[in-house]
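Just the one chain here, the form predicted on its own, laid out as structure tokens.
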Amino acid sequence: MDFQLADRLYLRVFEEDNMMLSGELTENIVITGKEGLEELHRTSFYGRPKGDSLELSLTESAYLIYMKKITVKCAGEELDFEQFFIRASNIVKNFELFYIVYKDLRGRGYYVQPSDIGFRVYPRGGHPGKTPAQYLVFVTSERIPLLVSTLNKHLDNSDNKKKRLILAIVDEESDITHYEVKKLIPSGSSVLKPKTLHSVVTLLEDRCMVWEPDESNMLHKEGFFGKPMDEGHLQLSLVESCYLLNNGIMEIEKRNHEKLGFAEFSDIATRIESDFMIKYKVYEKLRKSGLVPKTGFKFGTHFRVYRSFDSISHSDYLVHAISHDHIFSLQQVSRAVRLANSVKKEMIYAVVSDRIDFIVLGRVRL
């Protein structure tokens, strides 16, 4: 039986018989008697059975009080919805966020159980005891900064449990936006090995110039490196130049003809861009994975990325390089994901530590 239909039937019975189940608030749970097992858990999968009683979370209890399915007492005093809600908010930080998300999920036809980060959500047609949960839902507010380390921990947890991780972000008007978070191992088919240049490339202010026409054309046509300034002269970005230098494809010198090694060049580039080495590591990883990264400035990211050199007219990903201790502003994430979706690309954050993890964030409808 559909749980919403069951809810309506039981609510009608309770109203007709002028009776409701009773529960007792004890620390951070509400406990009902044996009747709760039959009326709440076996039909609509609220709570967790424990012996002859049923344990309800504070979120479930607030919802059931609102639905007029239970009454809750504490030290002999019956609590109305407002009194219970305020007490619960003193016990659980940001309780109102959990309630908003729980009520929304139940209203959408999902069976929901509490988890350590928010909720376990079962697929449509499934329920506890019949099917495993499909989602782990992490509940947060648009105002709460999100640490990359926290997101990675939740991702590892959801992967270990073979669940899909969902961010349920509640804005200041209590609207909810859902984002699916997953890890990706990006790969492409453009493993390119340009020939070694015979001429020397010049570092100007914040880019390098290839002066020899044939070599300029070769780099651009065979690897989509740089952008032609005119016919025969190629401009290379700092990150492209560093990659080609580090891979022995070309030599770089200053305007005074002083040669630059990788360390000297990357030091200069870091003085120009403070996050240069993070960008470089991601760029190098993408190139070695057969992908073609180009500047993503127009999209507000570090790179737009192509999976194939043959389909260079439309990029597949937007990639932004961040450090392992980065703190997300969820408002910035919302803007980035919305823009990526609007131009039919995936938004990827490349997290740089002793390795590089690629985290995809995409908006979903539950």
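Values in this document were obtained by computation on a predicted structure and should not be read as measured data. A residue's number is simply how far along the shown sequence it sits, counting from 1.
The next section is about a form of this same protein that is not shown, the form predicted together with a further copy of the same chain.
Although a further copy of the same chain is omitted here, in the predicted bound form none of T26, E77 and T150 has a heavy atom within 4.5 Å of it. Only one segment in the set 186 to 194, 138 to 146, 109 to 117, 122 to 130 has any non-hydrogen atom within 4.5 angstroms of a further copy of the same chain in the predicted bound form, and it is 138 to 146. Of the listed positions (L260, L105, L97, L165), a single one reaches within 4.5 angstroms of a further copy of the same chain by any non-hydrogen atom in the predicted bound form, namely L97. Contact annotation: of the candidates K288, H198, K93, K161, the single residue with a non-hydrogen atom within 4.5 angstroms of a further copy of the same chain in the predicted bound form is K93. Using a 4.5 angstroms limit between non-hydrogen atoms, P228 touches a further copy of the same chain in the predicted bound form. a further copy of the same chain is not shown here, but in the predicted bound form it comes within 4.5 Å of a heavy atom of M209. A residue is said to contact a partner when one of its heavy atoms sits within 4.5 Å of a partner heavy atom; S53 fails this definition for a further copy of the same chain in the predicted bound form, lying far away.
a further copy of the same chain is not drawn, but in the predicted bound form it has a heavy atom within 4.5 Å of D171. If you take 322 to 352 and check each residue for a heavy atom within 4.5 Å of a further copy of the same chain in the predicted bound form, you get L330, Q331, Q332, S334, R335, A336, R338, L339, S342, V343, in sequence order.
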